[in-house]
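Below sits a lone chain in structure tokens, taken as the form predicted on its own.
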Amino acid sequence: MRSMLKASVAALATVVALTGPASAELTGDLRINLDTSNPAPRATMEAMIARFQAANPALNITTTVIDREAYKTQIRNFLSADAPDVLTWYAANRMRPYVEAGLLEDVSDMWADGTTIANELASTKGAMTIDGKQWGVPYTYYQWGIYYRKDIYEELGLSEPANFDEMLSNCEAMIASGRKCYTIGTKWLWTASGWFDYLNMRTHGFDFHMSMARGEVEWTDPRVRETFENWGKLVRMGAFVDDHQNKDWQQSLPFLVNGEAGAILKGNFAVAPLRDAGLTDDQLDFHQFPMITEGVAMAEDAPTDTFHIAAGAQNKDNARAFLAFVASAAEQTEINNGSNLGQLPVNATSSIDDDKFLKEGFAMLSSNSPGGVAQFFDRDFPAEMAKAAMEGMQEFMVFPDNLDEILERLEEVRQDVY
């Protein structure tokens, strides 16, 4: 009995440390819908809700966990017919249909200049903004960027490129050494679209990229062609591994591990399999995708998971209190640590696990992504447009001379989709 009591006291101390004293105890109800059905995310969310409950013992919290895939088909129905107070979802254009349908609550007051959220979650404000208003708060994300063989760069006398010209120069040296610059597997089409995201955002900026996602820019627009022409400089010089269209992203990793390619553009999820394959942190390093057009603010791909308040919520004050709790530095530190989600807190004042790549990604997203945070091509663009575009991107990487035909075809799809 004594050991159980000690454990309870320790647990309570943890709750107090993480939540801090409540300014006013909440009462009434709070209904939360979650799509975090996989074991680790589910346990993380349930523990977080338990801490909020401990800080507000008079509050009656009801949590419903729905399978992630089923959630995608059910969200519109439950927002329309039986709205919870709080729900999980995704940022940027993934929330747009529900914003435009009037199903999500405007929480711009929580993002007002000078507020804690505005100050500490600034890197994702653009991703949470539609029509000049904010519609939720983020709780986790992870970085994309270029993971490279530091030992090979040092062997060839190369440095992390500061701009696209240096990136191309590095690539020429890599090819001259008998290696490819970048490994990639485009059998799963989304891998090619990561290159389009970065080339487009570095050439024309985040706002232009999001305008494309909303269907406001023709695929035959000269600016889109310029993005592909920059990409074509890499394709035509032989920067990418051969036969990539028949490899998935995991099958592309051995080229980096074996030193046949110098780098890969990928999300942080690639680090674990690269480590498992034998690369040490002395061999593997990370850098931000370099500048292309001077003066264009750096924007990043950082898929972001979010909490929202339903427009039909019955307990909006309690819901706002919960969102503020989720956005806090202490909570984002806890839920994103290696024992829980193992990702990055969005709150710039949070702490992160002692991991080289998480630290580099956190620094980049917190302090060097003023242009905005995109959610990745197939999250930002409507599904039908994304599928056709990614097929075109894969084709371009194999047959760059087909660009005119590809862009004309994608423009036809844009007119149908939007």
Partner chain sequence: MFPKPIEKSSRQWQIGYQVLLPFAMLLWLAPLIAVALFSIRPDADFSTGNYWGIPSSFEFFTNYGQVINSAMPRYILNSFMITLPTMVGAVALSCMTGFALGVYKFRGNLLIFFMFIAGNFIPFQILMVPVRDLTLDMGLYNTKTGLVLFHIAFQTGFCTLFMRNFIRALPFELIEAARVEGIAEWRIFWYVVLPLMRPAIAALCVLIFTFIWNDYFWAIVLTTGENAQPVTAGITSFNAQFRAMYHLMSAGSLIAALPPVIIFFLLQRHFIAGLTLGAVK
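Numbering follows the first chain given and starts at 1. In this text the structure is predicted, and so the values were computed from the model without any measurement.
Although it is not shown, the form predicted in complex with the partner chain is what the next lines describe.
Not displayed here, the partner chain is approached by residue 66 to within 4.5 Å at the level of heavy atoms in the model of the complex. Contact annotation: residue 276 falls within 4.5 Å of the partner chain in the model of the complex, judged by heavy atom distances. Residue 305 belongs to the set of residues with a heavy atom inside 4.5 Å of the partner chain in the model of the complex.
Proximity of residue 338 to the partner chain in the model of the complex: non-hydrogen atoms within 4.5 Å are absent; the residue sits far from the partner. Between the partner chain and the residues 147, 208, 325, 78, the one pair within 4.5 Å by heavy atoms in the model of the complex involves 78.
With the partner omitted here, the residue from 116, 108, 293, 250 that has a non-hydrogen atom within 4.5 angstroms of the partner chain in the model of the complex is 250. Across the proposed site, 154, 169 and 410 without exception lack any heavy atom within 4.5 Å of the partner chain in the model of the complex.
Contact with the partner chain, judged by heavy atoms within 4.5 Å in the model of the complex, is confined among 223-231, 251-259, 122-130, 317-325 to 251-259. Contact residues in stretch 97-113 (any heavy atom within 4.5 Å of the partner chain, taken in the model of the complex) are absent; none meets the cut-off. Relative to the shown form, the CA atoms of residue 103 and residue 207 are pushed 3 Å or more farther apart in the model of the complex. In the model of the complex, the separation between the C-alpha atoms of residue 77 and residue 214 grows by 3 Å or more relative to the displayed form.
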